[in-house]
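Coming up is one lone chain in structure tokens, specifically the form predicted on its own.
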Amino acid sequence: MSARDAAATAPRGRRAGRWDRLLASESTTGWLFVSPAVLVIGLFGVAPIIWSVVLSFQSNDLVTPATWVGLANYKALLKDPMFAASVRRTILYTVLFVPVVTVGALALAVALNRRLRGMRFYRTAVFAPVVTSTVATAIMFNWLLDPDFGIVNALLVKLGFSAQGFFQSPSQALYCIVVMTVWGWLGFAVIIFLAALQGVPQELMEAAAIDGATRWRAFRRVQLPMLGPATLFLVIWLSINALQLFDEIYVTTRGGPLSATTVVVYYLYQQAFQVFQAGYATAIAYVLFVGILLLTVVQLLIGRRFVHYRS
């Protein structure tokens, strides 16, 4: 072989060697295994997010050609009284829902953190609403709170009280939604607190008892501080879910009566699929996203001052 042929063959040989090593590397094998999932996430996750960002700067009814409007959708939100009212209802719901679930779940978890006969049955009963579908829960509460034939009104009348409108009353509907969702989410929070309680070292409780601490004092001084991480997680998780309330509203009240339960996400749904203002609805979605992000950051910053993690 001539010197020229050897020089031409050497780069091709080195390139072939690098290609073989790349195919044989563990990282390439790993990426080949996860590539179907990456493709699905990119196609159905990342691409819609990018498209929705563009959509929020357009006037788009999903039928006719879109027109670019810049920040007009976001500016319109500042002057929209219905959006402002939906924000107030969402905040009210969140302020009621999160503390009630957190405190109620903690009390139930303490009660269930005992070794008694039949305790597994009680724990299962508390968790059962979590696995119950939203539709089934809504149908059950519609039946219980029916103003004409509901069991709750029947009991109120027998006790001498007047019948209530519940879901059909503008002043009561949102609070009924709070009661229904508390019932549905309480079991999840109880399981988190119960796991955290069982993770508290028994030696600490025994030492507190030896030092003469009462059960309440031992709970407040020993157990409660160690529940900080679980509490912070639940507050953040419940807040995020509360701000995205939709399913229960859609199944029970459809935003009524008189828009009394029209929260942010349901208002977004109305704008997108009833009024067909997709660009405006997407702007609402991104305002909600920024609000949830800011709230979560604030909760984490505050939590760092009060929550201590064991090493």
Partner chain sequence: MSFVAAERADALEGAGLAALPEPAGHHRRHPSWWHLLLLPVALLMIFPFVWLVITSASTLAETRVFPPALPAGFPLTWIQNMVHNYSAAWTQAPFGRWALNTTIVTTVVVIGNLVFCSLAGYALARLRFFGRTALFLVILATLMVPFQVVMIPVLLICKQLGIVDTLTALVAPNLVTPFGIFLLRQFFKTLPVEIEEAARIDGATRLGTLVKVLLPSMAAPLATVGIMTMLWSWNDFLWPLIAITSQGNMTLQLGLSSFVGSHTTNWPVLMAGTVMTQVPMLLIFLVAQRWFVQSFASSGVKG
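Residue numbers count along the first chain shown, from 1. Treat the numbers as computed from the prediction; the structure is a model and nothing was measured.
Below, we refer to the form predicted in complex with its partner chain, which is not included among the displayed structures.
J.: 59, 93 and 255: each with a heavy atom within 4.5 Å of its partner chain in the predicted bound form?
T.: Checking in the predicted bound form: none of 59, 93 and 255 is within 4.5 Å of its partner chain.
J.: Though only this chain appears here, would residue 171 touch its partner chain in the predicted bound form if you measure heavy atom gaps against 4.5 Å?
T.: Although its partner chain is absent here, residue 171 would stay clear of it in the predicted bound form, with no heavy atoms inside 4.5 Å.
J.: Answer for residue 203 alone: is it within 4.5 Å of its partner chain in the predicted bound form, judged on heavy atom distances?
T.: No.
J.: Can you tell me if residue 275 lies within 4.5 angstroms of its partner chain in the predicted bound form, counting non-hydrogen atoms only?
T.: Answer no; every heavy atom of residue 275 is more than 4.5 Å from its partner chain in the predicted bound form.
J.: May I ask you to check whether residue 146 falls inside a 4.5 Å heavy atom distance of its partner chain in the predicted bound form?
T.: Yes, contact at 4.5 Å.
J.: Between the options 186, 98, 87, 208, which residue brings a heavy atom to within 4.5 Å of its partner chain in the predicted bound form?
T.: Result of the distance check: 186.
J.: What residues, if any, in 188 to 226 have a non-hydrogen atom within 4.5 angstroms of its partner chain in the predicted bound form?
T.: 188, 191, 192, 194, 195, 198, 215 sit within 4.5 Å of the partner.
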